[in-house]
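One chain comes next, on its own, written as structure tokens: the form predicted alone.
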Amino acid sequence: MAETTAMTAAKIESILQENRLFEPPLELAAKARISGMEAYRALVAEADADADGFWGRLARQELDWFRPFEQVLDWTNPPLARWFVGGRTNLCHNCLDRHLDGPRRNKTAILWEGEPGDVRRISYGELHREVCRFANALKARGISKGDLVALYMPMVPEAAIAMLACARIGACHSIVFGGFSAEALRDRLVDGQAKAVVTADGGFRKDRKVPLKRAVDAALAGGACPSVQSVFVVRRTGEPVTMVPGRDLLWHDAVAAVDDDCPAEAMDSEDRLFILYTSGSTGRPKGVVHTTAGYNLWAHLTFQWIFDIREDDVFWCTADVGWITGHSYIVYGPLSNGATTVMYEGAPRPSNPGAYWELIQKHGITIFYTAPTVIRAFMKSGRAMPDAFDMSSLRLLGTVGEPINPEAWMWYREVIGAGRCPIIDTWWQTETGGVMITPLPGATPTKPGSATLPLPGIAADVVDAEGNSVAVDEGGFLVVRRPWPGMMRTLHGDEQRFRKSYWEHIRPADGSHLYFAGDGARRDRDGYFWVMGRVDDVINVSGHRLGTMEIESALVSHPAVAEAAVVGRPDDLKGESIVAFVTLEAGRDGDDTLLVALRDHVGEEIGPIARPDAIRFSDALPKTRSGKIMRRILRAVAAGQEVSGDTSTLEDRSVLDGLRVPDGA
């Protein structure tokens, strides 16, 4: 076992090519907010020496307060944290009001483009006015501090306006991604006891109109959600919708009936800001709760630090506001910093496969933040399309959602970034509120495939089952040893599940609380973190533990492979066997010859123990609408089981039909 582990570690190093190191560009480093590793280490040292002093200093420096906080952190009842105790602030105020007394009043806050090509540029002054109007419209329908408002929206400015309006009056928002089914929407409305729903007649996505109001009507049918008293409807596609008298009203009519004066509510630091549901393997979604001040500070700081934001930047995160990435890095992080944030309704599609590159060229986008799965999809279609556009405005490229293969990292750097843009590979989760491990563009030398180092104040570690730090290049559980402001506070209505899922999986002998992320990782000799994916993605083959990302990286390094997902399936002899689902580069055929070649390639790269027992070629892999591969579904398919649990996030159910592994494979 030890010999195999050593061999595997050596092969991992070969696959991930740790010898490739890219220093921050000198010009960028000279102007960066955090310039050089000395500046980074100084912040880390400050946080390690006095965490309360560190976070307190930043909270006072970066946020406006209606009443100062009296205590930075109350950790007397872990894992229940209370941050900035006694303070009062308002996230909407920090995103809008404080920018209005200077030149930012007329600066573009939201640059929005719809899939049909319509464009809106909304200044900070205009956004403030629109937010106040909708806040008053909510109040006119009886929505007040503490009430829950659900948003089921396309990617239109009104989605951000509704979020900010809720924050302004102290209502808790819960965004349900606009592609979810009526059943998934109903479950979340009932669990959260929503008092109102904000939706639209529909939206545009991939050359078609996606109906939304119809799904809301189905979710509310038969009194299934008795708490919902009002439904606000934005006109977007012009499709006819049914309006229920007394319950439904058009957004335009609602805001026309109120004025634009709405003072921001003074919120306690720990007042709920939003609930965001994540998929659960049991079929029951988890309602992650974030609160006002700590989340505001962490979204603000991480956006400022990791994207080295400048006054003239045009920042584009390709996520949907329905995901935590959209919350933190389309709306709250950028606006709190006074930045220009891009919202795009559409996606690359048959009528415009170069839509992303066209937007970068058209709007002079300087920072581009997207998912590794998106990058791999672009790789599959080749570089001719991106090469046709002028993307010289770009200065930073980011990735989010899951670990990125080194090959995709290099393609992204060379083809999209022209070899000059740093790659900001970020690791974080819905539960963490913001990025936790990432390079800083003006400080951190980067390695393809590594998220590099924790941000200042984040005490990340890789440990064994007893909570002991593991050796260099030894795999283990990725944990955080100290609380941080952006951390989730609980799961809505289920504190016991919160404790068990995140804080009791690993319990050190000294009784300390470790936040367990659910991911496996290792640290190299430079202290860099290599996130290897979910721990349940580790395959135990004849007693040898193999990370699925290791095998996926080996497969993707073959020139025929565009994307790969690897899972284990039960095996009477070996415990688990390895099944790989592979999509190929354009023009490549998945025949028996290639199958053998891929198995041999993995054997050469990692070792014979890692050769897939079965390889299934497919045109696509099952992904969430945020771009993550749903390996849980692939495990069920590989084992010949029915797909169960929560599949509401699955983007295209038809993908499942092409994934079945033949009997005996």
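Numbers for residues come from their place in the sequence shown, where the first is 1. Everything quoted here is computed from the prediction, not taken from an experiment.
The protein also exists as the form predicted together with a small molecule; that form is not presented, and the subsequent description refers to it.
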>> Ile324, Asp425 and Thr430 - do all three of these have some heavy atom no more than 4.5 Å from the small molecule in the predicted bound form?
In response: yes
> Does at least one non-hydrogen atom of Thr366 fall within 4.5 angstroms of the small molecule in the predicted bound form?
Replying inline: no
> With a 4.5 Å heavy atom cut-off, would you call Thr490 a contact of the small molecule in the predicted bound form?
Replying inline: no
>> At 4.5 Å between heavy atoms, is Thr278 in contact with the small molecule in the predicted bound form?
In response: yes
> Can any non-hydrogen atom of Arg534 be found within 4.5 angstroms of the small molecule in the predicted bound form?
Replying inline: yes
>> Looking at Pro485, Gly401, Gly476, Pro448 here, can you tell me which has any non-hydrogen atom within 4.5 angstroms of the small molecule in the predicted bound form?
In response: Gly401
>> Between Glu130, Asp248, Asp519, Glu270, only one gets a heavy atom within 4.5 angstroms of the small molecule in the predicted bound form; which residue is that?
In response: Asp519
> Among 199 to 207, 554 to 562, 96 to 104, 393 to 401, which stretch has residues with heavy atoms no more than 4.5 Å from the small molecule in the predicted bound form?
Replying inline: 393 to 401
>> Flagged pair Ala517/Ile609: C-alpha distance shifts by 3 angstroms or more in the predicted bound form. Which direction, closer or farther?
In response: closer
